[in-house]
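Okay, here we've got a single chain as structure tokens, the form predicted on its own, with questions on binding and movement later.
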Amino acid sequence: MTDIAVIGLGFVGLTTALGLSEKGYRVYGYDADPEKMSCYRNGIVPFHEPGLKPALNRHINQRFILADCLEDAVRPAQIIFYCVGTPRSADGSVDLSYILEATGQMLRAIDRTDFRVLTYKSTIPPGTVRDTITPFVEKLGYRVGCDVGVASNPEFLAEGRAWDDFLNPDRIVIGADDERSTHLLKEVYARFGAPVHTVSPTTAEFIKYLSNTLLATLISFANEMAMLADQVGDVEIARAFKILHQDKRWSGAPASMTSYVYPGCGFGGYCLPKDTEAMYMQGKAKGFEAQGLRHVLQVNERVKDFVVEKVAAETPASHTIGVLGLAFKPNSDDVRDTPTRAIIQRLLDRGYSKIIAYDPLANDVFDRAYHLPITYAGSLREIAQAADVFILLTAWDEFKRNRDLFAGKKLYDFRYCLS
């Protein structure tokens, strides 16, 4: 049986490690964050993702083995999945330093007697394996395709349903230039029963960005049209988009796809803002101005101003504003790049000093991440009593079920989910 290592045990890495364990593989996991490793050893998943905690309890110290160091994780493994962070650099491009550091550590820890496939699940710009990782590996004395394989294997996991997405993928993309790496990865994924596409590493990297930038584009299209409808006036915005979704040309697409062509207050999370900007910056570095992507990013900022201006035009600064929703999407505690942060900051900048917020999952996470001078409600009923005006920024079912709590008070539904 092929042994596997997963380096980086965040949202993608833990899902990957546990999903492969669920399919019967022995998986060695390692993360450089000792606090995260301690959580996992104690059966705790330090972020909200349905399905992962039961899977961790099923497989920890059985098929899923937490290594004490990176070397212990990679030495037994024939396939090594890299799921380490690729954060934004100051200029909007992707920081590859964590990827290269982990790769270098691994190559210095192994002997060359066994062929290993270095497989990158981290989202990396098209051409990274070809132009950066392969030269880096060869500079350390390894022959790519002979001593080691290098492959791109992007993930397509949506927060809130990542466990099912991993176990039941709609497609698997393997980007490798040598037959041995391709064969080993195809063997691993044979247990998943999904279409497997073998392409070049650059094509695999591009497919991931193609997916995320399309989703970002759909969201910005919907937001721009909703802002236009607001200017036109007398448009039932939520109904208009729901009727749009009934167009038969959408048939056959996953039902969740329509959620991206629906207005809100901007896209957030780790992937869409970072990946869209990275793709735009990569084109710019090559001398190509991707006007469409630039527009997508501009609309994503403009819609936050639209929210603030709409509230400010009708709400005295002395009023207490209740913010409903802090996570960037419902059923998640992820607040990375959440539009709510920018909207609250812009309200504070306009003199709204009395802001109270509530999210079913993300209150503490949001407070630790941003340290904004606002207060937090412990329940929906508490915020309903405390605020004068409400802005709904995350479409939690709890808000939809309890809209009667806000009767008689002004509520701005910027997710168009109450209609």
Ligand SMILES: NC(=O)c1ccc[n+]([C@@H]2O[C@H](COP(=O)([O-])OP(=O)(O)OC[C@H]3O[C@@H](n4cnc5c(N)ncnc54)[C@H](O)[C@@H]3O)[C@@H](O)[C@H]2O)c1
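In this text, residue numbers run from 1 along the sequence as written. All figures in this text were calculated on a predicted structure; none of them were measured in a lab.
Keep in mind the form predicted together with the ligand is missing from the figure; the text below concerns it.
By the criterion of a heavy atom within 4.5 Å, Asp31 is counted among the residues contacting the ligand in the model of the complex. Contact check for Lys36: a non-hydrogen atom falls within 4.5 Å of the ligand in the model of the complex. Heavy atoms of Thr315 never reach within 4.5 Å of the ligand in the model of the complex, leaving it off the interface. Taking the partner from elsewhere, Glu101 is found to have a heavy atom lying within 4.5 Å of the ligand in the model of the complex. Of the listed positions (Gly127, Gly92, Gly283, Gly85), a single one reaches within 4.5 angstroms of the ligand by any non-hydrogen atom in the model of the complex, namely Gly85. The partner is absent here, but in the model of the complex a heavy atom of Thr123, alone among Thr340, Asn223, Thr119, Thr123, sits within 4.5 Å of the ligand. Residue heavy atoms within 4.5 Å of the ligand in the model of the complex occur in exactly one stretch of 239-247, 93-101, 302-310, 283-291, and that stretch is 93-101. Taken together, Gly19, Tyr25 and Asp164 are entirely out of contact with the ligand in the model of the complex: none brings a heavy atom within 4.5 Å. Taking the ligand as positioned in the model of the complex, the only residue of 321-354 that brings a heavy atom within 4.5 Å of it is Arg336.
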